[in-house]
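Listed next as structure tokens is one chain, alone, in the form predicted alone.
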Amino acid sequence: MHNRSFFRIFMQTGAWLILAFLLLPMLVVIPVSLTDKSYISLPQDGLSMQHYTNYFTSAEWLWATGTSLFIGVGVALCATVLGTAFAIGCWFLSDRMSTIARWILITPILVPPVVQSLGFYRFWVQLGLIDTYTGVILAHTLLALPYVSISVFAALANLDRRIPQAARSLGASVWTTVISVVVPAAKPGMMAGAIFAFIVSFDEIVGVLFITVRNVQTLPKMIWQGIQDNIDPTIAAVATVLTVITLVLMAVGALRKS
């Protein structure tokens, strides 16, 4: 009994330490964003909102934020449609063919981002897609496809294969069966996949650095440039805003489930 109690305390302590290791760096960003200095530091003479003002009044920062949102939504739509179609197609295939197709699709997750970005750069140069919104959306869609397909695969795992067969035996066409039977079962996975696709696109930086120059300026690229040129505390303000938005969305999701 004593050993079991000690093991429980040890596991709980380890869990809290890991949680603190993950969260404390994010919490440090908040006081840094309130610094009264023009460089990265903790507040010294008092708290200041100047860096939040700089973010919300800067045309460059707001344009970069809008660009990331626009690209993220476009990627979420494209990846959800293509990933869902792929997952449904694999669902109708034999188990062996479906497994092979899945392994091929998840290749982007296994390949290092730098290698992917170099491949995008060489291919996009030939297609004339360098430094274009279309090129970024296509590249991010390819990166997000595995996350959407995996989510839809998980949702379709609970669908009994005899249900579509019954619909077909009653005279429904393949298209009607897919729309009326398979797609509703896949909706939870589609929603989760769309969220993952948006996050992947919104947070992606390596590929953007390879395939954009000046015309496309995303928020991660602005943050990267801010770190490289002059460590601007506005970066901490942006990070705090994104953290607060994430926490609010998580809280809303938790309240809706409860």
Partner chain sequence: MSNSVLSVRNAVKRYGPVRALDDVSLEIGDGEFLTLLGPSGSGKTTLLTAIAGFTELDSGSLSLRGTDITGQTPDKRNFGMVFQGYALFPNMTVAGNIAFPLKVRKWNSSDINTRVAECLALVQMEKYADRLPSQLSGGQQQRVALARALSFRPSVLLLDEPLSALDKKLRADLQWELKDLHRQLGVTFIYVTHDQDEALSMSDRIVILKDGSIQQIGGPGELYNAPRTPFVADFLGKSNFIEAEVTGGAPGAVQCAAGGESFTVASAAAPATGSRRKLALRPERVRIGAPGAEAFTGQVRQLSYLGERAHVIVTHPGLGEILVSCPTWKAGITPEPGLGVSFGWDSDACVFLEDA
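Residue numbers count along the first chain shown, from 1. Remember, predicted model here, so these are calculated numbers, not experimental data.
Keep in mind that the form predicted together with the partner chain is missing from the display, and what follows is about it.
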| item | value |
| --- | --- |
| Partner-contacting position among Thr107, Thr99, Ser180, Thr134 - heavy atom within 4.5 Å of the partner chain in the predicted complex | Ser180 |
| Single option in Leu93, Ala172, Leu127, Val114 placed near the partner chain in the predicted complex, where near means a heavy atom within 4.5 Å | Ala172 |
| Contact stretch among 69-77, 82-90, 160-168, 134-142 - heavy atom within 4.5 Å of the partner chain in the predicted complex | 160-168 |
| Interface residues of 32-65 toward the partner chain, as seen in the predicted complex [heavy atoms, 4.5 Å] | none |
